[in-house]
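Okay, so here's just one chain, in C-alpha cells, the form predicted on its own.
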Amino acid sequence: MTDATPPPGPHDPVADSPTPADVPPVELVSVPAWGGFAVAVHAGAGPRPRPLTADERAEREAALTDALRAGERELAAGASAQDAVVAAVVVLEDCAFFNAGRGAALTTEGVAELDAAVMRGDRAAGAVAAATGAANPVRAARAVLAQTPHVLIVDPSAAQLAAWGCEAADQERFVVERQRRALARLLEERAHGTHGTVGAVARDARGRVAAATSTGGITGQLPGRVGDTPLVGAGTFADDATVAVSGTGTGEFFVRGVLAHDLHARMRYAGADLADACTQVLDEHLGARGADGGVITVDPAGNVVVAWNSSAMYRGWLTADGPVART
C-alpha cells in the first residue's frame, strides 16, 4: 500500500525561494536558421550524480544523432514538422538510456506510466497520460490528435490503441533493470529521484512548426501522477506565429508557470526575441523557485534556441554540416 503523502521532492515549493544571486545561470545555444527546415531534440535535463563514462557519452550522443537523422529524413522528403518530431521522439522512446518509453522511470508500485504530447503550430494537439500499454506513447498522442475530437486521453486501452493503428505492449517492454535499481534505492532513501524527458521541435519547408514530448515522469512518483509533458502550454506548445517548445525538468513548476505558453506569450505580446524569452521563463519559473530544467525551441524562420539551468541536459540540433549532439 502506498503512502497517502508523497515523500518530499528535491525542490519543495514550501522551501525558501533563492535570492537572485542564488538563481542558477541559464546556459544557452543559439543556432541561426541555415536551410529549409530545422530540428532540435532533447533527452532530459537535471542533476547528474556522476560524470558519464566515455562509452556512456558516445552511446547517448549516438542516440540523439539518430533522432535528429530521423527528423531530418522526414523533412528532407517534404513531410510536415509534425511527422518530423514524432519520428525523432520514437527513436528516443525506443532507447533504454532515456526516461521515456523503454527505460522509463517507475512509480512506487514499480509500473511505467507514460505521458506524451504532440502539438502543431495551428494549435491542433493530442496527448496521452499515465499510459501503461502504448509501445510508443508519442504515436498514441498523435493518434489522439488525428483520430479523435479530444486533446488528452488517460491510459488508452488496448482496443483504443488497435483502433488507432498503434502498437500495444506489456510492461516488460518498458521496465529495465536500471530503473528497478533506481526505484529500490529511492524507496529505501524515501526521496524523489531524478527527472528526465525526451522531446523534439521542428520547422518544415512551409514554415510550420511542431513540438512533441514524451516522458516516464519521476522515479517513485505516486501512481496516477501526471506532469507537464502532456499538458498543452506547460511542457509542450506550438504556434506557427511564434515558436514550438518542448520542455524537460521539474514538471510541477512547468505546470504552475504554464511555462511553454508563457515563452510564446513573451514573444507574441512583449516582443521578446527567442533567446530572451527562453532565459526569462527559465529564470522566473524554475531558477527563482529552486527548480531546474530546460527547453528546446524553434521559431517559424528556423532559428533554434536550446536553453537550460540544470547541471546537465542531453541535447542536439541540426546544422548545415549535419547533426550536433551534446551530453
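Residue positions are given as counts along the sequence shown, with the first one as 1. What you are looking at is a predicted structure, and each value in this text was computed from that prediction instead of being measured.
Heads up, the form predicted in complex with a small molecule isn't pictured, but that's what we're talking about next.
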Is it the case that residue 82, even though its partner is missing from this view, gets within 4.5 Å of the small molecule in the predicted complex, heavy atoms only? no
Evaluate residue 228 for contact with the small molecule in the predicted complex, applying a 4.5 angstroms cut-off between non-hydrogen atoms, and reply yes or no. yes
Any of the heavy atoms of residue 136 lying within 4.5 Å of the small molecule in the predicted complex? no
Wondering, does residue 101 line up within 4.5 Å of the small molecule in the predicted complex on heavy atoms? no
Picking from 162 to 170, 216 to 224, 149 to 157, 69 to 77, which part of the chain touches the small molecule in the predicted complex when contact means heavy atoms within 4.5 Å? 216 to 224
